[in-house]
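First comes one chain, alone, set out as structure tokens in the form predicted alone.
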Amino acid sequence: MEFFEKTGKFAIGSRLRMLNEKISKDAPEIYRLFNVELQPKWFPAFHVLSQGEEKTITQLAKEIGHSHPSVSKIITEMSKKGLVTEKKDEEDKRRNIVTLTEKGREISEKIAFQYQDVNATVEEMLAQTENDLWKALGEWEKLLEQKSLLERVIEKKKERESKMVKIVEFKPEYKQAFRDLNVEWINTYFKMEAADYKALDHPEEYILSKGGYIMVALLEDVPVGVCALIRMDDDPDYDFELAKMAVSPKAQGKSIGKLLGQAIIEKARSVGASKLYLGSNSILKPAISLYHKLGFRMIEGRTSPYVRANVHMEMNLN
């Protein structure tokens, strides 16, 4: 249709609904054509039961990909029409076993000609098209089982928005943002400590002048995230501590933490660092997951000047 040619592929849901409506509106007439007393929505459950096996509602729901309440309602409707019967499971009285009645089995035999003619019709239509819709639907179903459409759209949104983020090195004009973003983050989960005040109130003195670095994430030229490399001259095992990473809650969901982490690690490499350390807390599961993805691994036996640091990680840059 011309409308969908104009909108493009993002309207796939609307187009599939319209195609479904065109097919579905003929379904009741096709059943009447073959004198089959079934409603189209009953077909999946009826077809499974027509194979001769007894099924619980849970088994039916799993097999046809419907919800348990939906299948339960369908079975109730079919039971009122005398097509199925329910009985208690001998091994588990909480479960009902569903099977076709004599009337249901008669319809199962009668409907065979409908299956044959409808299948032949669909095969003929598929042969008249350049693309195999049936095969394509199967491929789409597999893709959506692996990852939902929503999850895929979220990833694309993050990907697009992350391209709008610029990572720059610290300038005096970002001093207040460096402090404010960290204070907001720390107070959300913990309490400010003495070491925090020193580094955040005087970043030039306690971080930069000692050979450290601070990276700032800008979104539309506004600082929305920060991260620091603090020189660890007092520890021969490490060159820098990755610390003071904070992202504004208003800018979360744009992969800013990942971009900052990648930038700060690349900075460490560029100045010849070979090993990084960081301290975190076990309640910060998203942050710890990010550090793992960046290449950090858990270590034991470390201590930290921060009371909140009960997780310790390191990363080899070589």
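Because the structure is a prediction, the values reported are computed rather than measured. The term rigid core refers to the maximal set of C-alpha atoms that superpose within 1.5 Å between the two forms. One-based numbering along the sequence shown.
What comes next is about the form predicted in complex with the DNA, which is not displayed.
Although the partner is absent here, Ser67 lies within 4.5 Å of the DNA in the predicted complex, judged by heavy atoms. Although the partner is absent here, Asp92 sits close enough that one of its heavy atoms falls within 4.5 Å of the DNA in the predicted complex. Looking at Lys81, you'd find every heavy atom of it more than 4.5 angstroms from the DNA in the predicted complex. Residue contact check for Lys135: none of its heavy atoms lie within 4.5 Å of the DNA in the predicted complex.
When the DNA is considered in the predicted complex, only one residue from Ser162, Asn96, Ser108, Ser248 comes within 4.5 Å through any heavy atom, namely Asn96.
Comment: the DNA is not present in this chain, but in the predicted complex one of Lys73, Lys103, His202, Lys158 has a heavy atom within 4.5 Å of it, namely Lys73.
With the partner left out here, the DNA still marks one of 282 to 290, 29 to 37, 51 to 59, 250 to 258 in the predicted complex; by a 4.5 Å heavy atom cut-off that stretch is 51 to 59. Contact residues in stretch 20 to 42 (any heavy atom within 4.5 Å of the DNA, taken in the predicted complex) are Glu21, Lys25, Gln39, Lys41. Positional change of Ser72 between this form and the one not shown reaches 2 Å or more at the C-alpha, relative to the superposed core. Once both forms are fitted on their rigid core, the CA atom of Ala27 lies 2 Å or more apart between this form and the one not shown.
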